[in-house]
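One chain is shown next in structure tokens, namely the form predicted on its own.
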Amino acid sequence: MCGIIGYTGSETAQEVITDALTTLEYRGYDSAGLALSGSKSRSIDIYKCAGRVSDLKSMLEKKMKPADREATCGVGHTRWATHGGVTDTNAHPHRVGTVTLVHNGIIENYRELTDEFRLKGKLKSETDTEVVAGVLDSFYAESEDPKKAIAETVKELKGTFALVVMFANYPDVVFAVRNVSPIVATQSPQGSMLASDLTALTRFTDRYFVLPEYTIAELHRSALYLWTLNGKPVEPEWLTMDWEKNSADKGGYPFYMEKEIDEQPEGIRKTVEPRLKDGIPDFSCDELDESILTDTEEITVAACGTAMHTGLVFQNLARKILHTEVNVCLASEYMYGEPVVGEKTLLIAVSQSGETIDTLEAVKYAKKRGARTLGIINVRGSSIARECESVLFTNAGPEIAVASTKAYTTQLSLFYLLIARIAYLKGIWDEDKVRDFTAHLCRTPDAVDEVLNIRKDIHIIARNILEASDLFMIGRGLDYAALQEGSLKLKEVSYIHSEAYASGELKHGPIALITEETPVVALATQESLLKKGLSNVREVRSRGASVVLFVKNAMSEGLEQEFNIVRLPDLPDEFMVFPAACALQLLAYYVSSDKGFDVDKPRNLAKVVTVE
């Protein structure tokens, strides 16, 4: 949530900032703005409005001062409204006195600070952010030292924040500090730049560092410095992006979502192949202490949305193969349910961005109670990656579309590798059995490619449900786990009310919702459950429902006479979730695009959720 940019250098600041904000649109926002300085006027000018980055660009074309077109320093922001409505006034940046800033996060004690620093008459917006600007301006008026003023301010704040600040007396310098909310930064020949997400930095470099919490960054056009709150210098810990600079581009696709669906076979390969040695899973490249897999007695997966659905697949496999009970918890509810956590607990935190605040808080909660923690993450240096004891990175590359696709299948790939490794370490499987399992896993990219080759068939199916207001998905076992993700995809991008049900539960209530106007998507890929599953499909069809059946090819004989079917490539039952996931993603994609929606940026949604 919220996109933050800070830049000072030799380039035109408004172009750098607006391009970066466009890159960060997937984070979710409802207003946009920027502040520019370093121009001939030496002033800091603010331009902001409710709406999209495109609306901000239109404003700049009409209203930007001539001197600001040459500005080489500035900050930018896309806001997700939390305190105060969606208005021009509440949009960031905010200015109080000599201080101009943007903010990601929530300040919990903003009312107390308003009273303590006597800000009521100075504030123009309804935001907690402007309160921070007022507090900072008060401290700056006393010391005229930016770093000292920032240090004193953050000591007063309760909550989460990423603050990027400009001072009137330092028109070419950008300062930043954070707690929980992410900031990454870089320095290149074109200048110094920071952002809330790596993808915004790829314009200039593949080197970056994560700003440590409660550390002040000071960006100059040709240098970058870090300081503790006590004024001691800190050396940045430089990292290298593991994707190419152009990998965050659309590459000719109409939407990122379609591009990222197509990137799944390569993402799976890049995630799996480096972790296999002679067909045996090997996590030595991840420096994984395998006692985390062998010395724990209970496993909990904490995640949100799509990431949580990968945990459901892992839970199913762990029960069947490892004979181990796995708890799958919504991270947002985890610590409020007073979970039983101890030294024999392994918490697996799953997050594409590595910044999901609910998942991060779940990791911190479990660690305090002695649990061991393992992250499955896509972004190196992210908050969850830094908080977890061990981390497995998905190697999926940047995922821009809000609706997650390749993150899901690459996270699944790591769970499958974990299943095989644990089975091997605990003596459940011998080497031959492990190699057989991983050989099938290595076939999944080809199976996904086969689904991509029948996209036209899925597109035709999608046209039949464009006008639906409600849709239900039914399946059993692993199919049910896969459908929960498929249903979420459809809801996210098409705005059709979609629910996934375990087929056997239909007679316990949900079948009352079936009418002639209700489309049903059924999934049948598990051979041992085929007869029961088809019986449930026939139940809904007999009540007038229009049924689409996604079925494993080997199990499809004769079914085309009963149902409208889509044949999925053959894999052993345990691996069918991969082609099924791709097919359901394409279904959601085509419904959304055919309805004329912005597939990549669904309404009210954010890619990265950094506030509770």
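Note that the structure is predicted; figures quoted are calculated from it, not measured. Start at 1 and count along the sequence shown; that's the residue number.
This protein has a second form, the form predicted in complex with fructose -6-phosphate, left out of what is shown; the following refers to that one.
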Candidate stretches 533-541, 345-353, 229-237, 428-436 - the one whose heavy atoms come within 4.5 Å of fructose -6-phosphate in the model of the complex: 345-353
Contact flag, Ser404 vs fructose -6-phosphate in the model of the complex, heavy atom cut 4.5 Å: yes
Heavy atom of Leu194 within 4.5 Å of fructose -6-phosphate in the model of the complex: no
Any non-hydrogen atom of Gly305 within 4.5 angstroms of fructose -6-phosphate in the model of the complex: yes
Partner proximity in the model of the complex: Glu492 to fructose -6-phosphate, non-hydrogen atom cutoff 4.5 Å: yes
Position in contact with fructose -6-phosphate when the complex is considered in the model of the complex, options Leu488, Ala318, Val180, Val154, heavy atoms within 4.5 Å: Leu488
